[in-house]
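Take a look at this single chain, the form predicted alone, given in structure tokens.
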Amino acid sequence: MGNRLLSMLVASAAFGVVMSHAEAKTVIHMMHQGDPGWVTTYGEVAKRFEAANPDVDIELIYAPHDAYNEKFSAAVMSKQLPDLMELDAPFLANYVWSGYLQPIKPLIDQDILDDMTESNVAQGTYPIDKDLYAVGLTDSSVVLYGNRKYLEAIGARIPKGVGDAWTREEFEGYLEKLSKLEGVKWPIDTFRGYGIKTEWITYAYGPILQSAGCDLIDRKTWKSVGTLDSDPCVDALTMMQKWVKNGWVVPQSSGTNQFFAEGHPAALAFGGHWFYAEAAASMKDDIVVMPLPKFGPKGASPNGTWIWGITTASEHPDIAGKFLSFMLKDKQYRDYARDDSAYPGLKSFAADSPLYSAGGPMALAFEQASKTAVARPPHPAYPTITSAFMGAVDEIFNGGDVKAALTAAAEKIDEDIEENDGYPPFDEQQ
């Protein structure tokens, strides 16, 4: 394997070197992100695959999480697309529309396809041709974590399932009570510390809009003006701005964890499934996992995560698919994902998970996937949609006018769509 981990900055030169040193082998380039633990895990899976397939080399191309899309764009510009790539699910429509991904069903083992959850299929499906372009071992969700000690002190009702979620009135009433409770510095951590360089705001806060009865964009007309700046969305973001103004939300300057930090200064956390293992280790029996509140007529929760696609540039898509099938079945890969609290995207992985299987401490989070999950808008304009929305929320949280910020974001989204002639054939869906 030698120089397995390549930087995208040197990828172009490195590809040529690899090919010259491996004339007798098929080389598959896999672009991915992830923390050091995942990087190590991918390398170990590649070694096992190579041992079983000595005529293949798997070369890993690492791109940092926060700069992944920029690095992918650089690969496109230099015509150095990998064979196999990790991608954030809401960007799939843009990648397929741009011609970067190919249908993946013929390339993946049938037992993997049969094992996918509905949510996993949804996050990898292109809405125009309804074909599958990406698969993953995992999916994702966000739940409401609570500190049992604080909740019992204010007499809060603790929901037992998705159908029992707090209403908006209950949620805001508890925030106010928690703000006055000794030991609580902030009633809730919504992870503002993630900033606007990740998908967090769109991923986690978008369902608040959908629960309140609106959305980032109309999913039939693919117009944002009249939807993102509609009264329900203005009301929902005005509600969140009030939480910030009241000092109920952990400020961005305080980092990304005040729920289980020393002294447990935040009473609630609007946090991802990946948050559980570390929080549970700190909170012990005080951690409570609850469904996201209902802020309007229905419950809503996010889904979608980093999944795997095979590019149209691959000269060996069958080998790339063979490796991907191997990785998704690899026991050590699955064990690492399970120990990392990974959210199941395959039924067999869910059944093997002590966290998400029936009776597990995160079973309620998995229940959201089938009852309230709403995918982010599957449209080629998604990069603009999320950028505009995150900018608007940041402006609103910093005291900006809610209606004006949302209208400006909606107009920016519609302008992008108009400048691209409606992203045909999406314009024909109207």
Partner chain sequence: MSDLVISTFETEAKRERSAIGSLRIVQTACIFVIALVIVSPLFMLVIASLKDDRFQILADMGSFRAFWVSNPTLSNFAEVGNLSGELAFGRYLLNSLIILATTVGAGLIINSMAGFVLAWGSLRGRALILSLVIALYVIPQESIIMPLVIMVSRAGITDTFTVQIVPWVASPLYIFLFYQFFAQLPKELFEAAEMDGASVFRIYRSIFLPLSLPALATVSILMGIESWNQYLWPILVTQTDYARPISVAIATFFGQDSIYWDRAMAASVLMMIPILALYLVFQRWFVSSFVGSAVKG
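Positions refer to the first chain, counted from 1. Please read all numbers here as calculations on a predicted model, not as lab measurements.
Here the subject shifts to the form predicted in complex with its partner chain, a form of this protein not shown in this document.
Asker: Does its partner chain get within 4.5 angstroms of any non-hydrogen atom of S78 in the predicted bound form?
Answerer: Result yes; S78 sits at the interface with its partner chain in the predicted bound form.
Asker: Although the partner isn't part of this model, could you tell me whether A51 comes within 4.5 Å of its partner chain in the predicted bound form, counting any heavy atom of the residue?
Answerer: Flag for A51 set to no.
Asker: Report whether the minimum heavy atom distance between H65 and its partner chain in the predicted bound form is within 4.5 Å.
Answerer: Yes.
Asker: Hey, in the predicted bound form, does T256 get a heavy atom within 4.5 angstroms of its partner chain?
Answerer: It does: once its partner chain is placed as it appears in the predicted bound form, T256 has a heavy atom within 4.5 Å of it.
Asker: Please tell me which of Y126, W243, Y333, W306 lies within 4.5 Å of its partner chain in the predicted bound form, judged by heavy atoms.
Answerer: Residue within 4.5 Å of the partner: W306.
Asker: Considering F260, Y100, Y150, W166, which brings a non-hydrogen atom within 4.5 Å of its partner chain in the predicted bound form?
Answerer: Contact residue from the list: F260.
Asker: Can you check 320-328, 171-179, 248-256, 126-134 and let me know which stretch has heavy atoms within 4.5 Å of its partner chain in the predicted bound form?
Answerer: Of the options given, it is 248-256.
Asker: Taking only heavy atoms into account, state which residues of 35-66 are within 4.5 Å of its partner chain in the predicted bound form, ordered by sequence.
Answerer: Result: D35, P36, V39, T40, E59, L60, I61, Y62, P64, H65, D66.
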